[in-house]
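There is one chain below, alone, in structure tokens, taken in the form predicted on its own.
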């Protein structure tokens, strides 16, 4: 039987490398308190609809916010009329199906952008300090608490930032075009050197 194709992120995986969920990924485990990890294998579905229409009411995620859905996907809206749904690798079809059929007459576009976008997670109590060096937006707890989303420029890359804390520790998901993924990842590593940043490996969340 022929080997199954292997998907690859735009971000070069740190060794050691293995194939998980059909993707070539790093299996490195970070030892520090500040961690940066490639999360590009996560399913990513982009939805656009009228920000004041029935779909917006149904999904219940206001612009500038993010929340977990009943199916444990993460839904975020960084700008009006646009939502990004993120879930485990290979779940893009399920994420789209869970949206249900649009109401009569409403235009809702649903696009699987899993392989066209890069996604990374920056976690640690000094994560906001790293981002402050490459981003002009105030990302303090007061300005951007857990469950917030914003579209901005990070290291001169158009980026969506989603605050999604992990076990009470500040954590940010950063989402950008695939072509900018390696640059953004490297820029965050460079900005985090003074804080002891470490590269973490694959996880499906």
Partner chain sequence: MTARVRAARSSRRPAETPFRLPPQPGEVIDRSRLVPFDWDGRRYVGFAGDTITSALAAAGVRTFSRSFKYSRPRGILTASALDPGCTVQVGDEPNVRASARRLAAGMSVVPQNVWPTLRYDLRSVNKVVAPFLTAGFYYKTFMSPRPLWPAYERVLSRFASGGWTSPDAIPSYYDQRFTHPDVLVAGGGPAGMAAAVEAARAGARVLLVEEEHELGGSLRWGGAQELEALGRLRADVAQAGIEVLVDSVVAGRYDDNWISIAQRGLPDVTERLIKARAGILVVAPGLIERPYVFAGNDLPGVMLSTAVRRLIDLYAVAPGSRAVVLSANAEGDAAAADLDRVGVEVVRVLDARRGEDVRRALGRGTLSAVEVADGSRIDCDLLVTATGWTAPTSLLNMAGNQPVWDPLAARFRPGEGLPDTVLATGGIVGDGSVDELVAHGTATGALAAARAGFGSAAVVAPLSPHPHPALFRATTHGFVDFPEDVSSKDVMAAAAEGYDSSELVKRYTTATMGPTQGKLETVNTVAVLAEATGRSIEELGTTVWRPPYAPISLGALAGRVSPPARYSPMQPWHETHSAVPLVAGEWIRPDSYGDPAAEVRAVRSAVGIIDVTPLGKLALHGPDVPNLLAAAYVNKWAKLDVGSVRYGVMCAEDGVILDDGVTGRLGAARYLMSTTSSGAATVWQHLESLLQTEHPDWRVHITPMTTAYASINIAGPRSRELLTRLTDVDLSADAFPYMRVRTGRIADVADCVLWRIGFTGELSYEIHVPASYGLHVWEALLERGRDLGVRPFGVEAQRILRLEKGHLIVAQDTDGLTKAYDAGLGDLVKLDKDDFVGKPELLWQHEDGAQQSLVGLVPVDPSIVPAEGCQIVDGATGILGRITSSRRSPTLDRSICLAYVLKQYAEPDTVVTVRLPDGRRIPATVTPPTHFDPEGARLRG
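These numbers were taken from a predicted model, which means no experiment stands behind them. Residue numbers count along the first chain shown, from 1.
Below, we refer to the form predicted together with the partner chain, which is not included among the displayed structures.
**Prompt:** Of the options 92, 74, 99, 108, which one has a non-hydrogen atom that comes within 4.5 Å of the partner chain in the predicted complex?
**Reply:** Partner contact (heavy atom, 4.5 Å) among the options: 108.
**Request:** Would you mind picking the one in 173, 61, 46, 30 that has a heavy atom within 4.5 Å of the partner chain in the predicted complex?
**Result:** Exactly one listed residue reaches within 4.5 Å, namely 46.
**Message:** Please pick out the stretch from 53-61, 133-141, 165-173, 66-74 that is in contact with the partner chain in the predicted complex, where contact means heavy atoms within 4.5 Å.
**Reply:** Comparing against the partner chain in the predicted complex, the contact stretch is 133-141.
**Message:** Would you classify residue 179 as touching the partner chain in the predicted complex, given a 4.5 Å non-hydrogen atom cut-off?
**Reply:** Judged by the heavy-atom cut-off of 4.5 Å, residue 179 is in contact with the partner chain in the predicted complex.
**Asked** Would residue 113 count as touching the partner chain in the predicted complex under a 4.5 Å heavy atom rule?
**Response** Residue 113 belongs to the contact set for the partner chain.
**Prompt:** Is there a heavy atom of residue 7 lying 4.5 Å or less from a heavy atom of the partner chain in the predicted complex?
**Reply:** So residue 7 counts as contacting the partner chain.
**Item:** Exercise: residue 183 in contact with the partner chain in the predicted complex, heavy atom 4.5 Å
**Value:** Taking the distances in the predicted complex, the answer for residue 183 is yes, it comes within 4.5 Å of the partner chain.
**Item:** Those residues of 154-176 which, in the predicted complex, come within 4.5 Å of the partner chain by heavy atom
**Value:** If the 4.5 Å heavy-atom criterion is applied to the partner chain in the predicted complex, 154-176 yields 155, 156, 157.
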